[in-house]
Structures are given as structure tokens and as C-alpha cells.
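In C-alpha cells, one chain follows: the form predicted alone.
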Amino acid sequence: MENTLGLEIIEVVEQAAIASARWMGKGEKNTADQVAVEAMRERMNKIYMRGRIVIGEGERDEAPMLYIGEEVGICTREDAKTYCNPDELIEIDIAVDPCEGTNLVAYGQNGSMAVLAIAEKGGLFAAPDFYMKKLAAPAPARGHVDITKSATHNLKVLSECLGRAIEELVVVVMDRPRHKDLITEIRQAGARVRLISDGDVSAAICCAFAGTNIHALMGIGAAPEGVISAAAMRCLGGHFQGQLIYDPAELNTPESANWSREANIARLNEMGIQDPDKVYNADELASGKTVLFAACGITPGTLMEGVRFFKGGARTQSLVISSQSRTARFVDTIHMYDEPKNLQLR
């Protein structure tokens, strides 16, 4: 699958990032997201595959493009028999976030990117549009830290695994009212906190790379992004755990005030999730035999540069991670639209 789709999925996230980056700093997050969705969808429909969106922009009635259950790829056309040999057909599940961090793009802030994860059919957890408690950490801590334990306990374990004092650890937490007590506990334990407004996929992946000065991600974020993070962390060998949040009392948000704990449990049961309190690890959230992850920076971030436009073209930096080849490739691409007058090396 990597040999067939590796370059293709890089181009998918590149096109989404370029489209969204044109709206950077214009204060229109919905437009920045919409153009990324359209660009991603258009490029995926040129790939020789039969793909199914398992994590997308929402339900079909709410999202006209890249909705959950939508089929993409050349082999989903009505005249697919003309193009596709059933013996060669690649059927895959796809999780997408065409513009992860729409607010970051709208206000010209760092850390937004276009991301997707793919696996063979049935290889990605079809996460409901719920929240998820998350814990990400570097590979040496895999299986040692535990999302069911306190932040204080996990920081002690992480300190031992990494050979660092707790005071040297940096924990990324989403800047939300629901994390007030978590932030206080982390600080009292002696670690440092890096607050982010959006974009916890990037933060989770940073835990797997030494030199990012990010040693853990803790707190509650969106469940679909949790699956995408898990896919990357599985390929990188890092630690990732997620636990669905269905009780509105744990969220402390205006929207959750209208939710019902019982109704949320019933919805999970309808989706085949009988144990709503189950803790999932990366191998369960991204269980496919082969898992690929790709991301392209929209605005500059810790892992990747953002899209840089020049007269006649653009330059992107992407990351593609594979469980098959056990590689993490950073791809620097120059896109030439006209005949550029000047190609800058760095």
C-alpha cells in the first residue's frame, strides 16, 4: 500500500494545505476549512483506489464533502469497471482533517496543518464525534504511563523513563476551562505547561520526536483527531491512549450543557461501543496491518514549515509516516505554477 499510495497521499495533504494557506490571516476559518476540504477531495478522487471516509467533516447532511461514509477514489466512479481491475483494487479506510486548527489559519498563528491517516478496510477506529481524554508520550514511556493514573503519577514515571527531572518536562495542554485542575496539578508536580489554543494532533506527534521539547500531551480534545494522532504514534512507536468522554459534566463547555449522559451512552451503544469507559491504545485505534499518516504544514509549526508562496509557485513541507517501511519522511516540495523567476534553496 505504501508503494502505491505513498506519493499520492503527500500530494493530497499538500494541495489541501496550499488551498487553506491562501486564507491565512484573513479571519475566515470556515472558508479556510472549506477550500482545504475541496482540494483534498479533488486530489483523492484522482487516486487509483476505493476509499471510504471513516473520520471526516461530519455526517452527510451536515458536510457535503468528505462526510463520514463518503467513497473517494477513481474506483468509486459509476464507470469504475472501465478503470479498475478488481484483482488490483486497493480498498482503504481514510481519516481526514483537511485543516487541523482552523482558528490558527484564520488568525495567522502557528501549528495548523492538513492531515490524514489511511489503513486497509477496517483498520481505523470509526470514532464518533465525541470528545476524548488523551495521553501521548515518547517511545521510552510506552506502556509505562497510564491514562487512568493521575498526572502527578505519570510525570514521575515519564521522568524515570526519559532520565529527566520532572522540572525538565514540558506537557502540552489545550487552553480550556475544563483543564484548570489538570494544569494546576502538572505545575504543582514541577513540570512546565505549554498551552495551545488548537491543534493537538501536532502536539501528540511531537512527543515522538526528540528535540521538539514536548514530552507529553494531556487532556481532553476531539475524538476523531485522537484516532489520527494514534495512527501516527503507532507508526512511530510512541505512547498514545484515548478514552471517550460522554459525560457532559467532564467538559464544562456551553455546548455540552445541552447534552445528556444517557443519550450519549445510547448513541455509543448504537455504534457498537458497548463499553464507553474503555481505554484504547494506539494499536486499537489504528489496528490496520499497514497504516500510513501524512501531514503538510499550513502555518509554521514545531514539526514543519508552513506554506510559503513566491512569484509563480509555492513551497511546502510534509511528513509521511509508514508502519510498513518503518519510516518518517520529511518532504520539501516546490510547486511551480508559472515559470518562476527565482527558486530559493532555503
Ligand code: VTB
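Every value quoted in this text rests on a predicted model; they were computed, and no experiment measured them. Residue numbers here begin at 1 and follow the sequence given.
The same protein also has a form predicted in complex with the ligand, omitted here; what follows describes it.
*Asks:* Using heavy atoms and a 4.5 Å limit, would one call Tyr131 a contact residue for the ligand in the model of the complex?
*Replies:* Within the cut-off, so yes.
*Asks:* Flag Gly221 as yes or no: does it have a non-hydrogen atom within 4.5 angstroms of any non-hydrogen atom of the ligand in the model of the complex?
*Replies:* Yes, contact at 4.5 Å.
*Asks:* Since only the chain is shown here, I'm wondering whether Asp198 would be in contact with the ligand in the model of the complex (any heavy atom pair within 4.5 Å).
*Replies:* Although the ligand is absent here, Asp198 would touch it in the model of the complex, with heavy atoms inside 4.5 Å.
*Asks:* Taking the ligand as it sits in the model of the complex, is Met174 in contact with it (heavy atom to heavy atom, 4.5 Å or less)?
*Replies:* Because a heavy atom of Met174 falls inside 4.5 Å of the ligand in the model of the complex, the answer is yes.
*Asks:* With the ligand left out of view, which of Arg77, Arg194, Arg178, Lys121 would have a heavy atom within 4.5 Å of it in the model of the complex?
*Replies:* None of the other options qualify; the answer is Arg178.
*Asks:* Which of these stretches, 183 to 191, 77 to 85, 198 to 206, 138 to 146, has heavy atoms within 4.5 Å of the ligand in the model of the complex?
*Replies:* One stretch meets the cut-off, namely 198 to 206.
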